[in-house]
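Shown next as structure tokens: one chain only, the form predicted on its own.
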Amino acid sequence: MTLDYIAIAILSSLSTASILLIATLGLAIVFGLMGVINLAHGEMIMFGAYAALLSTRLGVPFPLAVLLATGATALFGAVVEILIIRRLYGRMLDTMLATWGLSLALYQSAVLAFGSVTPGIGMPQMTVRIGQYGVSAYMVFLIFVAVSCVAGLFWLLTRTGYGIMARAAIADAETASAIGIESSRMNTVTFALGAGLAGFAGAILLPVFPATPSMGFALAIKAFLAVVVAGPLPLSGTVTAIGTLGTAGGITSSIWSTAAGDLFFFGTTILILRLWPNGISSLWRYKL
């Protein structure tokens, strides 16, 4: 095994972890911050992918299509929060059932509207080469996208008025209302943010995962596991969980096979939850 192969395997693994992180951030916001188990997260990823695909078919440049898809999914998320989620806070089982029903409705709607198979837009034909080995430049680009998303969320939640008010409203709604914070509006905006991040994931990953009604399913499974492993800190815990599990799983896939990588991911998840039932961030001091 040459150094070139090891370097390209690490780069590919970081790309794989970045894909999972991009797909998980929206769920980390909704579940980690709000405590809402959104079983329609995968379908919101699908929503963003189809929105971006339709935009590109209308002649919209791909970067602008990603922005339009993100905004459309965020708006859809706000409507879902107002019409469904708002009435179910504090009722976890009811929220799970409602979002599960929503996921089924979105899935069947996509099948009826687009069919089970949809042509993709294709990945840019550029390659980053290390020695005789190469990896798609777009996959490397996704590493920078993931880092930018995490940095942007950190800034939004810690350095802006919205972030402070949102965390206050979620932590103690009654006290927040007493000092003039509209908790219901903050919840709507936060849920829309999580949905928008899911839509962004579907759109930006469209060259990697062609839009299909079931495209979000596999991503959502690992995303839920990563958020559970992350524990009470939705951002730093999620980044740590995916950074370790996703990268190690990707390296395992590169050395052996995709099945071995998935087995490593799921097996390590079980082990971590056995050792730290409340997640890896349950004993950390920094609370974000």
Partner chain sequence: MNSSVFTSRRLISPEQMLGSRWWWGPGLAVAALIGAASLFADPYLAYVASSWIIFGLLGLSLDLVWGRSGILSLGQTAFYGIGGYLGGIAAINLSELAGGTLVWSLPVGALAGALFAALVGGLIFYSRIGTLQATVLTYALTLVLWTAAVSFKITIGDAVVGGDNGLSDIPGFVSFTGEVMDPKGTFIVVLTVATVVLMLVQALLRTPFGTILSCIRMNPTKAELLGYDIRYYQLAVFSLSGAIAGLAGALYGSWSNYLSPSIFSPQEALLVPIYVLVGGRGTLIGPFVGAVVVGGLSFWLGGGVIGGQTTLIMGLGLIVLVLFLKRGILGTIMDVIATGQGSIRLNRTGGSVDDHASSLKIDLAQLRGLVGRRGANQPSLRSEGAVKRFGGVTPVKNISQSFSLGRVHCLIGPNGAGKSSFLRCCTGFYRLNSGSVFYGKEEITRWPMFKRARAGIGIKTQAAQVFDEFDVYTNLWIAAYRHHGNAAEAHIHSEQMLRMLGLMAKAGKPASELSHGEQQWLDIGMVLCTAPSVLLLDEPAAGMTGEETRHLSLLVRILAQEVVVVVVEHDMEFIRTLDAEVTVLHQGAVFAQGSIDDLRKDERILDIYLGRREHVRDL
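Each form is matched to the other, and the largest set of C-alpha atoms that superpose within 1.5 Å is called the rigid core. Positions refer to the first chain, counted from 1. Predicted model only: the values in this text are computed from it and were never measured.
Below, we turn to the form predicted in complex with its partner chain, even though it does not appear here.
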Within 4.5 Å of its partner chain in the predicted complex, heavy atom basis, the matching stretch of 139-147, 125-133, 198-206, 82-90 is 82-90
If we test each of Ala248, Leu54, Leu263, Ile255 for a heavy atom within 4.5 Å of its partner chain in the predicted complex, the one that passes is Leu263
Note to self: Using a 4.5 angstroms cut-off on non-hydrogen atoms, would Gly35 count as touching its partner chain in the predicted complex?
What the structure shows: yes
- prompt: Taking 4.5 angstroms as the cut-off for heavy atoms, does Val228 touch its partner chain in the predicted complex?
  reply: yes
request  = Evaluate Ser116 for contact with its partner chain in the predicted complex, applying a 4.5 angstroms cut-off between non-hydrogen atoms, and reply yes or no.
outcome  = no
- How about Ile221: is it within 4.5 Å of its partner chain in the predicted complex, going by heavy atoms? yes
Item to complete: Determine whether the C-alpha of Leu263 shifts by 2 Å or more between this form and the one not shown once the rigid core is superposed.
Response: yes
A change of 3 Å or more separates this form from the other: in the predicted complex, the C-alpha atoms of Ile130 and Phe264 are farther
